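Below, in structure tokens: the form predicted alone, a single chain.
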């Protein structure tokens, strides 16, 4: 069967149907999803209550999996069956609700800042797939912003200024911003900073994009103050309401997005209620092309 797509936003994002992600994908289905991702950047699959094994198998159809910040906590307790599944929840390893001030909760609160998964490393992330298992009674939605549309809407003078500029991305920048500073020197060196062009070409669609997010902490060649103010202005521009798709979760949803052409953030919810989602993420092995 062919992949059915229903647009969810005037610029990007679509609901994808007529496919069962619990089954191993045929090569033609993988290609169809990749084409849809190149066009829409965010795909919503409803009623896909995947097991952990099924989610990992689905994700591996698109490339090697990324551990992200789990690299900093090697050997730490993990309540999921696979290291490559990221536990996006407020649940402790023993199954109880985690304390509000625990590192796990603070780390997940950092997901409420606009970001692209694993932009702080080389290779960065390509696709992320987030599966909804348990949801709170309200809140906890996820928003996505289209970085291609954001670039298209930049004034000509600002496009000219950022052409050729690189931003430095650092894994712990967002956590430090939120007061989580208790890291060892070894942990802080585990994922060294990387640099990415602010203006890039998306490899699938060929469209230019504005690569910003909270992991970007400075602009190479600018003073720290000037660079951070420009990054703040660019992030504010990229997350204007007209560029944003707001996703209200249902149990069994799997949302897949392209970290190269979108940024995203979770929204607040009552931390006394359980919220359990599982993320799998693939590595981006393609070279980055800078906008000329």
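All values reported here derive from a predicted model rather than from experimental measurement. Residue numbers count along the first chain shown, from 1.
Just so you know, the form predicted in complex with ligand OGA exists too; it's not on screen, but the next bit is about it.
**Q** From the candidate stretches 149-157, 205-213, 107-115, 167-175, select the single one in contact with ligand OGA in the predicted bound form, where contact means a heavy atom within 4.5 Å.
**A** Correct option: 107-115.
**Q** Please tell me which of 142, 90, 126, 121 lies within 4.5 Å of ligand OGA in the predicted bound form, judged by heavy atoms.
**A** Checking each option against ligand OGA in the predicted bound form, the one that comes within 4.5 Å is 142.
**Q** Does each of 43, 246 and 260 have at least one heavy atom within 4.5 Å of ligand OGA in the predicted bound form?
**A** No, the candidate spot makes no contact with ligand OGA.
**Q** Should residue 266 be counted as a contact of ligand OGA in the predicted bound form, where contact means heavy atoms within 4.5 Å?
**A** Residue 266: yes, in contact with ligand OGA in the predicted bound form.
**Q** Quick check on residue 85: any heavy atom within 4.5 Å of ligand OGA in the predicted bound form?
**A** Residue 85 lies outside the contact set for ligand OGA.
**Q** May I ask you to check whether residue 130 falls inside a 4.5 Å heavy atom distance of ligand OGA in the predicted bound form?
**A** It does: once ligand OGA is placed as it appears in the predicted bound form, residue 130 has a heavy atom within 4.5 Å of it.
**Q** Decide whether residue 9 counts as a contact residue for ligand OGA in the predicted bound form under a heavy atom distance cut-off of 4.5 Å.
**A** Judged by the heavy-atom cut-off of 4.5 Å, residue 9 is well away from ligand OGA in the predicted bound form.
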